[in-house]
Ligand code: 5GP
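Before any questions on binding or motion, here is one chain by itself as structure tokens, the form predicted alone.
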């Protein structure tokens, strides 16, 4: 096998980062790769340019995550950018400029190939699945329980507990090997799915009650503003996963959540679909992207204006 990643030794200066608003796949992949590379290099920095969602605080060695401050770091030999469709999704930082080589590892169909070296596999279930192959085949680094736990978390979350069509026989083969390293499925399941706050549960009931249905039941839209988050005292991260309840309604083909971000005028949109519609195309219309069945975008405007624009695009699609 021809190796694409340059040789790494104890003095190789490495940066690792994923997108803002981190999910299980982005966090699992940066932690797994970081822990693996620490077996080769003494200068590995794992950056998180955002807050760590509480549900992922169980991941091994998350205390190693650090905020990137340009004046605190010199140049890097290698910068691994994980689970990022383009080089704008990990925040306004100069890591790419300060790195001799950028390695882009991703599985989104919207990835624009911004790296000097690109491991972009749109047929993979998750970025963690690709990172597994890179660690075991490209880097030839031995897995351990901590690395396997991070990889399993990313795979299980990005496949929707192995329900999505991106799940393949290879996905299950990878997971089977990860389990052999002692991954504690019960602990992961508890932290991800069985430890929701009472406030977030009440919030879920409220937003589902306020959900709007369009186009003869084919589209479900949930709108969330900052006042609503404050009213129920829930964190922005706790909105993750609500969209699946809307998508899973009988007859609904496309589900959308429109969220007012903390940044003035910034609106985040999440898209999910079942079988008949490509929401990656919808996301592109708002400057975003992702997958055919799951995509996202960040745009400027008001909730009302963004929703109106979205409905216009949906009308043409549906």
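Residue numbers count along the first chain shown, from 1. Every value quoted in this text rests on a predicted model; they were computed, and no experiment measured them.
As for the form predicted in complex with the ligand, it is not shown, yet the points below apply to it.
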query: One stretch from 289-297, 246-254, 54-62, 39-47 that, in the predicted bound form, holds residues within 4.5 Å of the ligand by heavy atom; finding: 289-297
query: Interface membership of residue 238, the ligand in the predicted bound form, 4.5 Å heavy atom rule; finding: no
query: Touches the ligand in the predicted bound form: residue 272 (any heavy atom, 4.5 Å); finding: yes
query: Heavy atom of residue 86 within 4.5 Å of the ligand in the predicted bound form; finding: yes
query: Contact set, 170-201 vs the ligand in the predicted bound form - heavy atom within 4.5 angstroms; finding: none
